[in-house]
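Have a look below at one chain only, the form predicted on its own, in structure tokens format.
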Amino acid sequence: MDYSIKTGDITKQRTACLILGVFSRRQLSALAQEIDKAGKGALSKILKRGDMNGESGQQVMLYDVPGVLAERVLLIGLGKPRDFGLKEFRKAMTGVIGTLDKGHAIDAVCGLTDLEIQDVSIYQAMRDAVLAAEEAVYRFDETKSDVKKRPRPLKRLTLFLSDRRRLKTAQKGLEHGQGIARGIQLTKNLANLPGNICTPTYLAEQARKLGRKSNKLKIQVLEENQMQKLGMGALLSVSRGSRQPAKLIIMEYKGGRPNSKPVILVGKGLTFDAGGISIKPAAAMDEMKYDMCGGASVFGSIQACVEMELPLNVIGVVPSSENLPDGDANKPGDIVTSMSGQTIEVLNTDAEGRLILCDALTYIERFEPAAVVDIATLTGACIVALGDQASGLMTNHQALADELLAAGQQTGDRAWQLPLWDDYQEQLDSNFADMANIGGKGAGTITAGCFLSRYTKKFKWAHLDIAGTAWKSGKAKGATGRPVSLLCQFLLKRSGQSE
């Protein structure tokens, strides 16, 4: 969709639809009051008939409203003014854009971006307006043979701003919103593809395709023979059960000063996870194509960096493999040697994500990172603990955790910090190796974090477990694009570009 910002007289906006807000008890927003005045009380008269009272989510479409040049006026209920915050703003934006995209208005002027939103700057309002709009119009139909096209989908959205003095800041928010939205779209598209299409080789090809878009982006893909020479026995042990060769994908975005240390994002790229010999139950196993959502979020974040021309050095690393049962697959009780030289007893072959991540975490030591964040659909225990509301967060550096938590709060893509105490490390003890790959029934998310922490002694590191937030099940099944918003806000803040 095309986006722009307009200022001026709201009554003079020539458009197929003008979007205006109404608060509870039929209280017109400031722009709606201007329209009402120009139309000699037309909106007030309609509201008094009782079709809407401004409760959150209510919508009324009006035609031929006097005093305006718009063909239609869409009123959206906003609830109580004192309760109208970022969450309510996003809900309103998603609702009206979804309505218009199914209707016959190919363009619209949105007055919601001119509202006073609690603790939200005009920069963030514009940015989140774009993100909410793109969420509403997103469709995945790449694997359907008969795609029914909407007759007149929404193509152009103009975000209205009454105060020209804030135009420069608003424009920056719009541009950043578009960049992040494209990153989220890439993340969703990769994650929604089935495992027979989105293989490790396919991901590597998409990285090279992304690299051709910018001279600031360098792509490198390590093959299995190269990983073998580096001693990546943990990563390669996972791919032994698959006919698809593993890949280690490195995407270096060089937007900052040449000698400044990079921020590194490491994403788990299991393009399909059957559990290996410790095979998963059949129910909902199709959703294990989403086990590469961590890797997909790294792709999306790197794309957003390119789109926003972020003045920061960022490296995305995606270890990618399949985890399938086979005569050569890992067996419970096998012992593998990681790139760090530490040995691992594989007590459960379905705890494979940490095996591919640990070698990737050792590999990135060569870049001397300023900070490292790994992102992975790592444990079902995280879903039990936090549901689909928040991602789990663990760290060896509290200041880094605070940055990520703040980014999550600001974007609504929240995380919740879990402890990483030494007490939990004992659960990984093994009689036969330096450590086991699982820590028993209790604290499964934390012991997975403890496992990874043993490979992060040389840098500041945080771990995001997105098992509950990366996709939705049931009728609304599909990737969410999380935590790209969180990661992009974190990177924007680090580069001094967030406001």
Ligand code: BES
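Residue numbers run from 1 along the displayed sequence. The model shown is predicted, which means the values in this text are computed figures rather than measured ones.
Below: the form predicted together with the named molecule, not depicted.
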- Query: Any idea which of 242-250, 280-288, 307-315, 424-432 reaches within 4.5 Å of the named molecule in the model of the complex, heavy atoms considered?
  - Reply: 280-288
- Task: Would you check whether the named molecule, in the model of the complex, lies within 4.5 angstroms of a non-hydrogen atom from each of Arg354, Ile438 and Ala467?
- Result: yes
- Message: Quick check on this chain: which one of Thr379, Asn330, Gln206, Thr199 has a heavy atom within 4.5 Å of the named molecule in the model of the complex?
- Response: Thr379
- Tell me, out of Thr169, Ser121, Asn348, Gln417, which residue has a non-hydrogen atom within 4.5 angstroms of the named molecule in the model of the complex. Asn348
- Query: Any of the heavy atoms of Arg127 lying within 4.5 Å of the named molecule in the model of the complex?
  - Reply: no
- Task: Examine Trp471 and determine whether its closest non-hydrogen atom to the named molecule in the model of the complex is within 4.5 angstroms.
- Result: yes
- Indicate whether Asp114 is a 4.5 Å heavy atom neighbour of the named molecule in the model of the complex. no
- Message: in the model of the complex, does Ile383 come within 4.5 Å of the named molecule, counting heavy atoms only?
- Response: yes
- For the stretch 265-282, return the residues whose heavy atoms include at least one within 4.5 Å of the named molecule in the model of the complex, in the order they occur. Lys268, Asp273, Lys280
